[in-house]
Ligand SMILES: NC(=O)c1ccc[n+]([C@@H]2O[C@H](COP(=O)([O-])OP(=O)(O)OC[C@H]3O[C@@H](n4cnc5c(N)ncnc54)[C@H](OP(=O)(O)O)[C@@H]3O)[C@@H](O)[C@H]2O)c1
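Below you will find one chain, with nothing else, as structure tokens; this is the form predicted alone, and questions on how it binds or moves follow later.
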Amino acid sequence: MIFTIFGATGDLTTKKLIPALYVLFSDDQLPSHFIVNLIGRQPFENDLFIEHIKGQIEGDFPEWDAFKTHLKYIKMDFTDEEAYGDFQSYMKSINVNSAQERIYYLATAPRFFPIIAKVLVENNLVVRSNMRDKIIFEKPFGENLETAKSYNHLLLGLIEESQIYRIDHYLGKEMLQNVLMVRFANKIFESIWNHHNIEHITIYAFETETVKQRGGYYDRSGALRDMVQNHLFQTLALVAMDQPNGLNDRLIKDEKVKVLENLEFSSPMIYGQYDGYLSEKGIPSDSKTETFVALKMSVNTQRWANTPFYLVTGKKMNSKRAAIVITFKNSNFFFESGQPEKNTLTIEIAPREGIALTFNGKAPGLQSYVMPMKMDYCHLCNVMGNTPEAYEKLILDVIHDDASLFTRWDEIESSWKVIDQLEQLKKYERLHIYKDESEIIERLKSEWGQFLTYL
């Protein structure tokens, strides 16, 4: 296998891709013969770059010395078509097996996707209909609907859809994969999974980090394009989709697309920018790019009539956490000792992975007082060793030709249509400058109500 990463000097490669490949290597999940080409534009010598990577990653890597022999840094300007001639010669020199797997991971900004894919095909580094030649595109796929369509049109003129892997690492997370199991393997949930019983659903993903060294990229996207268009919309689609006729890749994606095609939004939409963003490297002094976004959405289907879906994401928050919270409606029964609390089902995605159900029961004692109770499942508590990280799972799926956790074109197209509309409306909304999480969450609760106590 020849695994080539374009954009090797970026954070994604050092913090996610190399650690994921290392774990697959140490678990004997990679072919016995493999090379990882690391392509970047910075003038590193091979050994110095490998040492640079080792210094950037966290954790214990006892087999690093054996693993690093498979790594090779290649200085190349991947925006220069002429530079691919030498790379083609190099690939021919190591590709001694005609059946060799060739995987290209584009860990670059979306605007570089077309030129890299085009030149790979022109130099026979990717051959149409050869299912051993694959290209992985990091999210977001495109910068808006127009660019996404143009990228997709170009790609399908070069290679087959089955050779294209549009990655959203969120779909590789254990608890996201568990959403369908929780819903469709349990009659107690699926029978009440509708607007008759559910009051609202909140999906949130908070990060403690600032934009750090990604200012140039981030200011072109913002939270709306960087997080909502892929991560949160994909999560919403899994939660809101109707039951498919079978749990296979195509049928599940068909139902997800129906959700994305029926998404609607309502005011107020809340946008924020953390205090200090304008001082970050690569950020214009007058930037209006949002680092926090909160949306109230609805899904215009029979199942979800008038049910609010709250999507919230932001940077520079107090803690890194992500979850789906399903809040059920009040009980219709009257209790003299006070009304019971609303039931909630929380699917925790990060940092803890688990499922918690709150319900009501009788408090201990002689009096008939209602008391909230909780059933809590810890996913990692039932696993020996480590559960796979999202990138480990997704890279392994590419090797095994499994596209079930990758986004299909019509999913991306539908989500970009909504995002483009939101981008147009965003200019009419106030941009709130927030110093910390509590400040922007208070603003959020003043608009949406105090019921979002779990944020």
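These numbers were taken from a predicted model, which means no experiment stands behind them. In case it trips you up, residue 1 is the first one in the sequence shown, and so on.
The discussion below concerns the form predicted together with the named molecule, not included here.
J.: Which of 303-311, 77-85, 369-377, 238-246 has heavy atoms within 4.5 Å of the named molecule in the model of the complex?
T.: Looking at the partner contacts, the answer comes out as 77-85.
J.: Would you please decide whether residue 109 lies within 4.5 angstroms of the named molecule in the model of the complex, comparing each non-hydrogen atom pair?
T.: Residue 109 belongs to the contact set for the named molecule.
J.: Any of the heavy atoms of residue 138 lying within 4.5 Å of the named molecule in the model of the complex?
T.: Residue 138: yes, in contact with the named molecule in the model of the complex.
J.: When the contact criterion is heavy atoms within 4.5 Å, does residue 391 count as touching the named molecule in the model of the complex?
T.: Answer yes; at least one heavy atom of residue 391 falls within 4.5 Å of the named molecule in the model of the complex.
J.: Residue 12 near the named molecule in the model of the complex, any heavy atom under 4.5 Å?
T.: Flag for residue 12 set to yes.
J.: Heavy atom within 4.5 Å of the named molecule in the model of the complex: which of 417, 70, 426, 41?
T.: Residue within 4.5 Å of the partner: 41.
J.: Could you check which residue among 359, 265, 328, 217 gets a heavy atom within 4.5 Å of the named molecule in the model of the complex?
T.: If I apply the 4.5 Å criterion carefully, the residue I get is 217.
J.: Heavy atom within 4.5 Å of the named molecule in the model of the complex: which residues of 154-193 qualify?
T.: Contacts from 154-193: just 169.
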